[in-house]
Structure formats: C-alpha cells, structure tokens
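What follows is one chain in structure tokens, specifically the form predicted on its own.
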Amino acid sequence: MGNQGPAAAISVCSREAALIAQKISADHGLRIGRTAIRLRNPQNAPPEWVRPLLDTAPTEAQFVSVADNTLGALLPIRLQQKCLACHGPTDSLRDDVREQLSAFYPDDAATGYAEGDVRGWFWVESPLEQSDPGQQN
C-alpha cells in the first residue's frame, strides 16, 4: 500500500496473506484464518464451526468450544478509511484497483463497504492446555 498503492497491494495480498496465516499458525500452535459473508477469495470460506455464527453477523468477539479441548474465537474486522481503497463502493474504486480485483478475484463480492462496517472476521482455533493430573501446581 505504502510504496506502490492499493492496486499493487492486491497482488501481494493474494500471494502472501495465506502464507502469513500458515506461519503464525505453525509458530503458535494455532489454526487461524479469515472469512466473510461476502467473500473476495473463495479459499476464505469459513470452517464449519464458524458458519452458524455468521448467520448473526456478530459485531463483537465470539468464543465457542469447537471440539474436545479446542477453543474457537471469531473476531470482527472493522473497516478503517484506508481499507475503502479496495473495499469501498465499487464506483469509487480507482480503475487500476478494479482491474486488479477482477484479475485476482473474478468473483469478488467484497466491495460496497463504508468506514466502520464489519467486513469479515478473523477466526482462531486454539487447543486448550491440559494439565497433567499427576503434576502439582
């Protein structure tokens, strides 16, 4: 975004966002991702445990038990003014941004937002630590 603007950032984001999520997941023993009701990238479809939560389009963090000893967190992504360069009303997007979105995300549904809108959610799955019953605290 800083050096080459939002159009260039789209190609970087399309390549790097998933890799960043994978690295953070591996480094911290988590599973993380992002999702939305109106997807830009179909690879960001929600995991099964997230789907029912999206029905209510939560505006605050949600925490649920996902499976045995796993906690799930769903955290809203609120748009800031700078996000509107790629997620704002379609008719307000720069031509080069529209071209890049079309090239990288032909079925993009992630425009038309305003500042402060919940664009989507980060989701996190974290295993709960189990204490060893034989270990004293």
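Start at 1 with the first residue shown and count on from there. For clarity, every value in this text was computed on a predicted model and none was experimentally measured.
We do not show the form predicted in complex with a small molecule, though everything after this point is about it.
Between the options T70, N44, Q62, T90, the residue in contact with the small molecule in the predicted complex by a heavy atom within 4.5 angstroms is N44. Although the partner is absent here, R38 lies within 4.5 Å of the small molecule in the predicted complex, judged by heavy atoms. Although the partner is absent here, A9 is a contact residue: one of its heavy atoms lies within 4.5 angstroms of the small molecule in the predicted complex.
In the predicted complex, the small molecule sits beyond 4.5 Å of every heavy atom of S25. At a distance threshold of 4.5 angstroms between non-hydrogen atoms, Y105 is in contact with the small molecule in the predicted complex.
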